[in-house]
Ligand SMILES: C[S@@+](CC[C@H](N)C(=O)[O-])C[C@H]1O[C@@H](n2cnc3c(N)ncnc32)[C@H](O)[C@@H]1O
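One chain comes next, on its own, written as structure tokens: the form predicted alone.
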């Protein structure tokens, strides 16, 4: 910790962050200053960020599609590119819908749907205990429920055949590419939230294989993927009994694969 807590001026904070390699030092300094409650905490936060801790973990929060979310240490940080998935889910979510957010992390997607669609009932689940704890802080105030376990396993059986929108931000990075991710992700987020197996689609296939029995007739499953993975993901959806389509955001090079349960 810096020995000069009372001397950490705005300029000094920006300089410290810039020297640590923070590209957006000015913006980060503003967020840290606004979040810190005391000069002592300001210095602690600045030092933590300078050692490489993700900004969201330093602040303890982030904004995702206009919703402020608690982000605890070690929990997967929702990123701007996933807002494209949130937008596609919003387009398919009607008021009063029953929504499930799997691999929920902070429950960012569930929180967005609960915030922007009136009367939506949200259930979320994650296998990581820290994520479940964090998700409950974000979703419980919105009336949602968070369950601890692997994919569908912890969900209440009463949801079978009733889910209108199943949204899943599953890990989709191929194992061999994990080492190419930014150090902030590799060192401070759960490997399980990043590693999607040999081709990145292990979890997506597991979800697709079981989703149909949970979806209501005409219900939808949405997952995020890289454009190069769309064909294989669509094949998994089709084999799971869903009608598969996809949409891609060119700006973020991100795709969303959508599966619809047929009415019959």
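Residue numbers count along the first chain shown, from 1. Since the model is a prediction, treat every value here as computed from it, not as a measurement.
Another form exists, predicted together with the ligand; not displayed. Remarks below refer to it.
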Do heavy atoms from each of 104, 171 and 206 fall within 4.5 Å of the ligand in the predicted bound form? yes
Considering 192, 186, 133, 94, which brings a non-hydrogen atom within 4.5 Å of the ligand in the predicted bound form? 192
Position in contact with the ligand when the complex is considered in the predicted bound form, options 73, 80, 149, 161, heavy atoms within 4.5 Å: 149
Taking the shortest heavy atom distance, is residue 124 within 4.5 Å of the ligand in the predicted bound form? no
With the ligand left out here, work out from 46-54, 214-222, 26-34, 192-200 which stretch has heavy atoms within 4.5 Å of it in the predicted bound form. 192-200
